[in-house]
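In structure tokens, one chain follows: the form predicted alone.
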Amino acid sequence: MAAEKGKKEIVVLLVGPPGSGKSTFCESVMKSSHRPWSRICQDIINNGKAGSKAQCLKMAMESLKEGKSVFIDRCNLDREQRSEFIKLGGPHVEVHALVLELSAQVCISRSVKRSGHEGNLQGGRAAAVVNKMLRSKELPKLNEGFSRILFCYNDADVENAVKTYTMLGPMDTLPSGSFGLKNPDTKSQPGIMNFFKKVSAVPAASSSSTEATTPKANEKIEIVRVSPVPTLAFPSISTADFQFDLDKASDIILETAEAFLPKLGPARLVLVDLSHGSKILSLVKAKASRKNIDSGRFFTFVGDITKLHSQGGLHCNVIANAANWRLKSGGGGVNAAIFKAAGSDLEAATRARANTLLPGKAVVVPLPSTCPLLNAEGITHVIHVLGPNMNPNRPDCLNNDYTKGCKILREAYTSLFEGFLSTVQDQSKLPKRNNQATVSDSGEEDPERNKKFKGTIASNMKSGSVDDSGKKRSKGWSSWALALHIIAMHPEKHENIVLESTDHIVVINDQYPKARKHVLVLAREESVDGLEDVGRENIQLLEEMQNVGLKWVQRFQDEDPSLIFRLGYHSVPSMRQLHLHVISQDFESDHLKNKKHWNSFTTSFFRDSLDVLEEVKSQGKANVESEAVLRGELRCNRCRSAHPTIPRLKSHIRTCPSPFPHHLLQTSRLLARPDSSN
């Protein structure tokens, strides 16, 4: 992935017959993606029923206008079927094709055996339909108007494609071109009719990351699902019935959401309304854009809050209800819709928690396993919340007192988000510090490092659960992960490895460097374990660490002017104690062994020191990236080409002719001698 300054929405046409895994692919990406997506499925577009191509085009255009990228979940097997959707492309929209070229046997097996399909295409009829489609398919080509075509021939290919699109952030793009095509002359797969005659004999197939393929006879079907990103879908709490000023309400939504996002890890907040003409959605979306709030973690969405997954493709495990004070199912709007969709199970579960609700308060209700909302939509909790009322015909009218009204509304959203945070913590979805005994500073197993620490640094630690100062260790840090902390606190005990020491910092060589030159600048602050602990009070410390790093860059470049450096922090460190990496960009090292090593220094997981400083100065905290990015593709740090293995990647970067990204050199994120060649 190559991040671009100008945001572009993406239209992805899924190309494949029934049973090829189009819907499963969409759901897998949308569960974990930081880019907002809309799934357009013709089987359900007409209020849950089959609709028309025109309806799909209309919904796609509306989604693009809202800033969402789009999956076109149709078969799209011939040029004519694809042509109208390709026209959605333009200066700000890229059109991709994802071709699911799985074997005819797999597609027919899945179609025949499945039940409850959205388009009711299953059983023997499905086999005939798949057979007919595959005989007349036409593979997409770039000259149709696609900027990118990716071919997937097996579950491993599909899994890689899921990862690629899941990791695609709101400002990212993918390389253009056609990728993975094996035989451009293939029109229909061989052996279809032979298999069609024996359709009852279901073949075995390897499973993908999100759905097991059809099993052998008498085998139990096992579904393996990817854990979704925790997501709260909530309506405007100051409902139309409460007649609250929309401009004031939108300000409070953004204020409280922005305050809570740093506490929620990778979790998402989604403001939902039924209409594309919703004024509250328009206000919030415009203001969020001006405030540069991460659109992958806070965004607006149009749809029925009780059917966001089945009809909109948006997976939300928690939804909020703009409730009444009695916590009853009466009235209309969101409250009535949620109680109706959840049935009597929600009423009973709510009664077990509370009987009434005060304005500004919320109550979290876990849904029983029998609840339709849980089984149909994957919703695990409903949070009832009561906002302020400006309608004289409703209880607790504030008589236009917006001083009190804004205070209550702020309390309402705060209570709502705190309730969501509690569910996230209960389900252990927030990023946790790695607690394994054999993890390197790049978050990967490194027995060599563990052995080294046991033999040197760790030998300075007392046994049991205290460190060498007699203090208890921080919860969640294993013994080896305290090594940097011990050096920072007592550099005099480690003179043999300390390169430089002051009252505020310590400099050491990385024990297992990932490049020709790789040193660590350690902070000596007792309570600053990583970026998440950094605040405005640490600005002077961050500046000193940056300056010390620059001094070491100059020293190294005096020895070898061709070296180019980058200074930065890992978003989620695996070792305790804030430390700045000063690392040359050649990555010539036998210790760079795996994907996590590489991605921890070449993706957004690696936070440039200057960016961290600017963020802490402007917003009082540093932004951190999810560890999920470490699972992304191996891409060259110059030309961004993808490579299947570390050896292949290393071979490429030794001879890559592309220059380093110019904007990084211009902004001093990459440090090169002015006269050096890059």
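Keep in mind the model is a prediction, meaning the values are calculated, not measured. For every residue, the number given is its place in the sequence shown, counted from 1.
Note that the form predicted in complex with the DNA isn't included here; everything after this is about it.
Chemist: Looking at 570, 110, 384, 485, which has any heavy atom no more than 4.5 Å from the DNA in the predicted bound form?
Modeler: Spelling it out, the residue with a heavy atom inside the cut-off is 570.
Chemist: The DNA isn't shown here, but in the predicted bound form which of 57, 639, 613, 646 has a heavy atom within 4.5 Å of it?
Modeler: Of the listed residues, the single hit is 646.
Chemist: Heavy atoms within 4.5 Å of the DNA in the predicted bound form: which of the stretches 286 to 294, 269 to 277, 507 to 515, 308 to 316 has them?
Modeler: Result for this chain: 507 to 515.
Chemist: My question is simply whether residue 574 lines the interface with the DNA in the predicted bound form - judged by any non-hydrogen atom within 4.5 Å.
Modeler: Within the cut-off, so yes.
Chemist: According to a 4.5 angstroms non-hydrogen atom cut-off, is residue 137 in contact with the DNA in the predicted bound form?
Modeler: Heavy-atom contact with the DNA at 4.5 Å: absent for residue 137.
Chemist: So in the predicted bound form, is the DNA close enough to residue 593 to count as touching (4.5 Å, heavy atoms)?
Modeler: Contact check for residue 593: yes, within 4.5 Å of the DNA in the predicted bound form.
Chemist: Would residue 597 sit within 4.5 Å of the DNA in the predicted bound form, counting heavy atoms only?
Modeler: It does: once the DNA is placed as it appears in the predicted bound form, residue 597 has a heavy atom within 4.5 Å of it.
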